[in-house]
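For reference, the chain that follows is the form predicted alone, supplied as structure tokens.
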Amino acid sequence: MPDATRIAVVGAGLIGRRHAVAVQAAKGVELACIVDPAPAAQHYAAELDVDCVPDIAALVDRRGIDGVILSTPNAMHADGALACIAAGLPVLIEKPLTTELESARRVVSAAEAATIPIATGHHRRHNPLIARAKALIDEGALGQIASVHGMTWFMKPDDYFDTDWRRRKGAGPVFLNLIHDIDLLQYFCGPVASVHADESKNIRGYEVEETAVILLRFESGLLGTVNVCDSTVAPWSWELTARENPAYPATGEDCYWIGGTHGSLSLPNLTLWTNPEKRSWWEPISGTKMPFDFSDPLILQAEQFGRVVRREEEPIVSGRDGLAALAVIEAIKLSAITGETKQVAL
């Protein structure tokens, strides 16, 4: 593909490998190389028939790289993103944008000052079912949204935590998993103004939480709740319901519920619930499953990032979108520590 936009994937862990495969499957982009110092990464790059370089400094010295997908451990996101921006390379930063709000602000400010496009890897927004759900909301199918709820329950096995950083500050289901849900809820319902949260780590005893329960107040006055837990065997999470990743068994359940004055929407099954005649709990209620495309959102994200790199369009999920989700997450963490309601401050 001589005209394809050449993308480097930095970090060859679980998500980095998924990005690499997605880039190879996407239209308009080409996997240029893997960036990772680990011997296993060199073997993986050889399997994909691409070069492997040890770090971003070595990547910058190479010719012919158009953009970067940054999928290193969370604590390395800020430095990696700033290095890419300084080198003039558009970068898609895997979520969370960074692990701290202040460093995320620096990344976004540096990109804007240098006019270098950056995107945040909230890949669910590239899922066609999310676009369909957003269209239903914007068309008024739900009426005025009255309440929302998100459920993120699953079991991370013991060997998942053999990787040290997953037990440390900056990991945990709030940063690694809930941040996706927060991004989508803000996409559907507008900005979150304040949060009240509590969390627990009484099962494994690591630095990171296992369970968090959060009350969200949106700027519109809408209220919502979210419950996240990575130490329970359960079918109610995006991973086990959306059928995005074949590594997870599909359960057929839902994990988001958006309730409005004229109807409610359950996701990811995309079922619209309405009263056919009079709106009342005494009246018949019907559910209509709306059609949507099952295209792989990681492939769609890679294709869209290629267009962003070529300056053909703006990112579907910008750096500022990533900053907005991180601001809510930081408020949740502060609220859980202090026991106080916290305002969300960008």
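Residue numbers run from 1 along the displayed sequence. This one's a predicted model, so the numbers in the text were calculated from it and none came from an experiment.
Beyond what is shown, the protein has a form predicted together with a small molecule; the following relates to that form.
Interface membership of H126, defined by any non-hydrogen atom within 4.5 Å of the small molecule in the model of the complex, is ruled out.
Taking non-hydrogen atoms only, P54 approaches the small molecule to within 4.5 angstroms in the model of the complex. Among heavy atoms of D296, none comes within 4.5 Å of the small molecule in the model of the complex.
Proximity of P96 to the small molecule in the model of the complex: non-hydrogen atoms within 4.5 Å are present. Looking at the small molecule in the model of the complex, residues R6, A81 and P117 place no heavy atom within 4.5 Å of it. Stretch-level contact check against the small molecule in the model of the complex with heavy atoms at 4.5 Å: of 28 to 36, 43 to 51, 317 to 325, 279 to 287, the positive one is 28 to 36. Interface residue among K134, R204, R243, R166 relative to the small molecule in the model of the complex, by the heavy atom within 4.5 Å criterion: R166. Proximity to the small molecule in the model of the complex, defined as a heavy atom within 4.5 Å, holds among N269, N74, Q186, T274 only for N74.
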